[in-house]
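In structure tokens, the next block holds one chain alone, the form predicted on its own.
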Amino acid sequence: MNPNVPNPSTDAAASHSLLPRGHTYGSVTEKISEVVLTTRTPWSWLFGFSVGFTLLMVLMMAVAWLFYRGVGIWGVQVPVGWGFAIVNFVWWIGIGHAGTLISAILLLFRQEWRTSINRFAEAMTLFAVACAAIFPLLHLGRPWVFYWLFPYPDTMRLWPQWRSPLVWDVFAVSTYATVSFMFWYVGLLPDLGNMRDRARNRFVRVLYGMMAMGWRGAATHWHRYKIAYLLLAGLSTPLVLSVHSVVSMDFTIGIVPGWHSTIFPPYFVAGAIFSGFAMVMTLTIPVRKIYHLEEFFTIRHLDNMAKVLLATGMMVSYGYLMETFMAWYSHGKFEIYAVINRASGPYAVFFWAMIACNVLAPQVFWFKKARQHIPTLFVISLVVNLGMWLERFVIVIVSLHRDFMPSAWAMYYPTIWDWATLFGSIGLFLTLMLLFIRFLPMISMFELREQVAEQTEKKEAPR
């Protein structure tokens, strides 16, 4: 087999192919590595990084003021003790789920269409979890004593309160972040070795060499890599289901009307995959255009992600329906009022906006033309991201502001510092994501090369 023989394919076949059209075994590496090793940074990247870094500085300022003045700068009060901090926490954790789903579960099911987007989605997972992790710490009020949540030995024999959802979150999120990082980094090793060998600058070559941890592409390296990667995929798969289930139990164990529901764990997991795939699509579409990667992030990839968005959107819609049905079926007057208050109370506009974004908007993906129309995909992905944030707002804020006693009812009004923290966390995410795109290969080169080699063998095989 000659790896330099181009892969002949017609336009019709290429439109349904998951592999780069007309590329050879070596040109895949050349195209992807040049995005990182080039000395010319696109102006669009510089503009995006300046926006993200500016928002990151807003986050730093908001956090500094929070440490100085306390959580009173936020809009939280009695009875709404959970404000934007918990809304943003659940939103970011949900966004981080698509990366593990794409990389681990689709790998175990041998879905080849994950190849071009798995590295990108794994990085998104890590950065989304990093954004999520800061909010419980800020929400503590005294974040400098966060280590009290860990079971460290001490002379006073004080241990964490294991019945507290806050402790559950610490262990769930830290475990998820650790396994996701290991899965991402192990997957990077072959490509880091490749980057080391192709780097022209000595400092860059040494840096990639240290990160590659001695990778030489030997048979023993590949053997151990395959075992480790598969084991980490197996470990990551149950985490997709468990982590957001634990986050949902923060609400489920409460007796607040609108929270006390057994449907929350599967409902939250479906919503997490829904928002995560929407964010992958939001990031992939401009990146493929800026770096001219349309042959790697193909229409077929976007079409499949749109189908997943449609399926998970239907699951989320079913969760909304079951919440309403169970409130009626249980004849609980408080649950019934919680549903009515969401639809017709002072926050009704947020509820109906959530329904429009999460239930109605994805229905356009029943049509193939919509699934393969780039502007439509981008707009719907943004709408879904907004809708999933509104869903968390409705669950947290609207359920808390009117519970059992009308004498304790009060409105929640976010302050400028609430908004600064939200948009600042988006700046942190964008900054980390753009740094990853600039300095590490965003597409798995060796997996694409494997697919090109397999395709070439099939073309050359005698019939």
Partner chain sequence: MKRNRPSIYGLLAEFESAEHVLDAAKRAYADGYRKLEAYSPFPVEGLDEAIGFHRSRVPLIVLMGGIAGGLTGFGMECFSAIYHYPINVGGRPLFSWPAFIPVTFELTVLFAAFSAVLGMLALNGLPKPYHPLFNVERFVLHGHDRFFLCVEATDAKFDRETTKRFLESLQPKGVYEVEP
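Residue numbers count along the first chain shown, from 1. Not measured: the values here are computed from a predicted model.
Another form exists, predicted together with the partner chain; not displayed. Remarks below refer to it.
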Indicate whether the candidate residues Phe171, Thr178 and Phe446 are all in contact with the partner chain in the predicted complex, with contact defined as any heavy atom within 4.5 Å. yes
Would Tyr291 count as touching the partner chain in the predicted complex under a 4.5 Å heavy atom rule? no
Since only the chain is shown here, I'm wondering whether His139 would be in contact with the partner chain in the predicted complex (any heavy atom pair within 4.5 Å). no
Does the partner chain get within 4.5 angstroms of any non-hydrogen atom of Gln161 in the predicted complex? yes
The partner chain contact at Leu231 in the predicted complex, heavy atom, 4.5 Å: yes
Considering non-hydrogen atoms and a 4.5 Å limit, which listed residue (Leu386, Leu310, Val186, Leu149) is close to the partner chain in the predicted complex? Val186
Identify, from the list Lys369, Arg200, Lys226, His331, the residue with a heavy atom within 4.5 Å of the partner chain in the predicted complex. Lys226
Within 4.5 Å of the partner chain in the predicted complex by heavy atoms, the stretch out of 47-55, 429-437, 412-420, 29-37 is 29-37
Select from 209-227 the residues with a non-hydrogen atom within 4.5 Å of the partner chain in the predicted complex and write them out in sequence order. Met213, Gly214, Trp215, Arg216, Gly217, Ala218, Ala219, Thr220, His221, Trp222, His223, Arg224, Tyr225, Lys226, Ile227
